[in-house]
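The data below hold one chain only, encoded as structure tokens and taken in the form predicted alone.
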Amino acid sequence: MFLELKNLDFYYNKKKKYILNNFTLSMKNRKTLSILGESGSGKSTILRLIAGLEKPSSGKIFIDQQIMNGGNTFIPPENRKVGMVFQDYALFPHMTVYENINFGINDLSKDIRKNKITKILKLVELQEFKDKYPHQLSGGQQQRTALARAIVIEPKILLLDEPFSNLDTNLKHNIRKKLNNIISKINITTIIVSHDKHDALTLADELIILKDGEIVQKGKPQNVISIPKTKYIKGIVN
């Protein structure tokens, strides 16, 4: 498997209940997984653990057969080759689109950076907005800028945390199609955290439903949504 989470435990405070308890998940390379669940179910925590933004209380994380967490091993976020798009996009407001994308590859030569950014801008259809600042962009344009910044580093895994939550309902369908096209072109392992079944139906190869840090159903998105096993799952996918 390309990504493996083995027996992960995670809690913010030992006096509180586990966010994740003995959590195990594996993914093949170049597949897209969607994680659905209520707020507080542990969805975003999984992404933060994979990215190295949090440390598990116990358990192991492997990416491309290399251990990221486990025992005395901890690979810092900047060395994991993981790209993450946060729910609020986390763009630098004082930087242009070009500068935001450039931020993650600033150690490369100027010519290499220019070439990579030019290609990424074309991929996300933001060539004409490269000199704009985040406050001058629409929600969809901000999302694509954040996505461009995440993928310009050529990550092994792309993580998307509620990518459509800040978008107007009328825009979501069109933006989903654009994102699906981009993910298909870059062809990398992708995990999408969401609370909307349409994200899974449009973008994912596999869907898991999370409750209190545990997987309660998984399978092809259409199958899970068509045949929910419990009332909780039915409430999530309706």
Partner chain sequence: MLNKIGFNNKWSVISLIIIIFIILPSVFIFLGLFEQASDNWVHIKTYLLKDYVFNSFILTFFTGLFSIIIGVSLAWIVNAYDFKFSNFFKWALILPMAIPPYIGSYTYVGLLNYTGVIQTFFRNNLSIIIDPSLLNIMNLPGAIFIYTIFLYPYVYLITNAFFKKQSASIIEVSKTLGKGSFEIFLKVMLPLSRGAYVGGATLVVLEVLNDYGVVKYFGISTFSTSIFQTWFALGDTNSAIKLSASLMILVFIILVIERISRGDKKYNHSSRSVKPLKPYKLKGKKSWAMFFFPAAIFLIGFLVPVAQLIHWSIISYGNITKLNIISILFNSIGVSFIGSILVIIAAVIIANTVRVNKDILTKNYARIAIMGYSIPGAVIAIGVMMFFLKLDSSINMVTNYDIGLILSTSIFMLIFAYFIRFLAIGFNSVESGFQKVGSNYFEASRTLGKSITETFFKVDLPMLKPSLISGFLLVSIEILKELPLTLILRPFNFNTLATRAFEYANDEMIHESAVLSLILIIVSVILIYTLTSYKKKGKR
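A quick note: this is a predicted structure, and the numbers were derived from the prediction, not measured. Positions refer to the first chain, counted from 1.
If you look for the form predicted in complex with the partner chain, you will not find it shown, but the lines that follow are about it.
J.: With heavy atoms only and a cut-off of 4.5 Å, decide whether residue 90 touches the partner chain in the model of the complex.
T.: Because a heavy atom of residue 90 falls inside 4.5 Å of the partner chain in the model of the complex, the answer is yes.
J.: Indicate whether residue 75 is a 4.5 Å heavy atom neighbour of the partner chain in the model of the complex.
T.: Residue 75 lies outside the contact set for the partner chain.
J.: I'd like to check something about residue 94: if you look in the model of the complex, is any of its heavy atoms closer than or equal to 4.5 Å to a heavy atom of the partner chain?
T.: Residue 94: contacts the partner chain in the model of the complex.
J.: May I ask you to check whether residue 86 falls inside a 4.5 Å heavy atom distance of the partner chain in the model of the complex?
T.: Yes - in the model of the complex, heavy atoms of residue 86 and the partner chain come within 4.5 Å of each other.
J.: For the chain shown here without its partner, which stretch in 49-57, 29-37, 64-72, 197-205 has non-hydrogen atoms within 4.5 angstroms of the partner chain in the model of the complex?
T.: Contact-bearing stretch, as computed: 49-57.
J.: Heavy atom within 4.5 Å of the partner chain in the model of the complex: which residues of 94-116 qualify?
T.: Heavy-atom contacts to the partner chain in the model of the complex: 94, 95, 103, 104, 106.
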